[in-house]
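The chain below stands alone, shown as structure tokens; this is the form predicted alone.
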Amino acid sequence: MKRIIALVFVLALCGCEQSGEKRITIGVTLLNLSNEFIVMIHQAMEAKAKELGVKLIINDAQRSAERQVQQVESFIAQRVDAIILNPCEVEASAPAVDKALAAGIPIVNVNSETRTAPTAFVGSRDEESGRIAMDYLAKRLNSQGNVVMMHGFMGQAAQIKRDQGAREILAKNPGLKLLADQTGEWDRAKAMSLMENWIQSLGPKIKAVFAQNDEMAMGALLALEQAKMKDKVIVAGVDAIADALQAVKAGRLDATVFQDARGQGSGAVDVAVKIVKKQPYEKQVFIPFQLVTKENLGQYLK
């Protein structure tokens, strides 16, 4: 009986080897898994990996580009088949791409860019989200009034490009004045504290807030509500995270800009697998941003 079982096991192993190649392993380093948008990217990656039968090794860089480079070095040492990088910074995360390419391992950047071009990129044009949000505020204010802007991490691609996009619209609307701008580091609590400081120093001069992500928009919103100022200030964010969509539904948040986390996460895994299998792939995949207000909210609520 034991001999039969052993024979069946050996045949099963042979069948596995003949039916397909060894399982593809992809190393993934993510910006920060305490950020809801990055969590959504992570979940989409896991779902796509399961669908394609590939293994993911997920690392959280915890907002440290230095840690991210170390994680990529570890992936190289493990001889993973491909790497997906969700960069912390344009400059400081670039050595991670350099090292992967030098080691002959394909690397796909997701959501954010680095100075060094990776094998492929899956994300969105961040300047577009800045233009969409600031254009919305300009229309709501009839191109007249004072705006404050909350930046993400200084030096990260999304921060740089959302700032550029917003300033393009400001330049076209000379009646709009950027009263203050400062980093809230993509963080809700830090944004709330920053908004409280602005309320104390600028008070009724503030007519609108552009937060470069929804975490910060929600922080600004809480500070304005506590100061009983929300009915006088328009607030817009970016990402369309669940909290922000619910706030738009409740009439608290004026607008957000939908960024397709699921499309980016699953797309990055899909491209990485195609590269490993030497199948045709797109070197750059850009997924459009879309303005979300109470009027079109229904299509974004799951």
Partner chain sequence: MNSLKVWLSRFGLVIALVVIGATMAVVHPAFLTWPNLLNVVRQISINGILAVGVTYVLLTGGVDLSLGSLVALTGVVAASFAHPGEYPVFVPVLLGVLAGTACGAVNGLVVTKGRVAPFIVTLGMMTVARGLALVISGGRPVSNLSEEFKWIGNGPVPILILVAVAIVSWVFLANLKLGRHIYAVGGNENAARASGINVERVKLFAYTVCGSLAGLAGVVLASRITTGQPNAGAGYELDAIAAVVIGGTSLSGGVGGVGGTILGALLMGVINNGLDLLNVSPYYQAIVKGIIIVGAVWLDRRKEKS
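On a predicted model such as this, the values are computed, not experimentally measured, just so you know. Positions refer to the first chain, counted from 1.
Keep in mind that the form predicted in complex with its partner chain is not shown, yet the notes after this line are about it.
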Please pick, from 143, 197, 164, 74, the one residue with any non-hydrogen atom lying within 4.5 angstroms of its partner chain in the predicted complex. 197
Partner-free chain; cross-checking its partner chain in the predicted complex, the single residue of 183, 124, 119, 173 with a heavy atom within 4.5 Å is 183
Look at the candidate spot formed by 154, 179 and 222 and say whether its partner chain comes within 4.5 Å of a heavy atom in all three of them in the predicted complex. yes
Touches its partner chain in the predicted complex: residue 243 (any heavy atom, 4.5 Å): yes
Within 4.5 Å, heavy atoms only: does residue 188 come near its partner chain in the predicted complex? yes
Residue 89: touches its partner chain in the predicted complex, heavy atom cutoff 4.5 angstroms: no
Is there a heavy atom of residue 36 lying 4.5 Å or less from a heavy atom of its partner chain in the predicted complex? yes
Can you check 102-110, 189-197, 76-84, 130-138 and let me know which stretch has heavy atoms within 4.5 Å of its partner chain in the predicted complex? 189-197
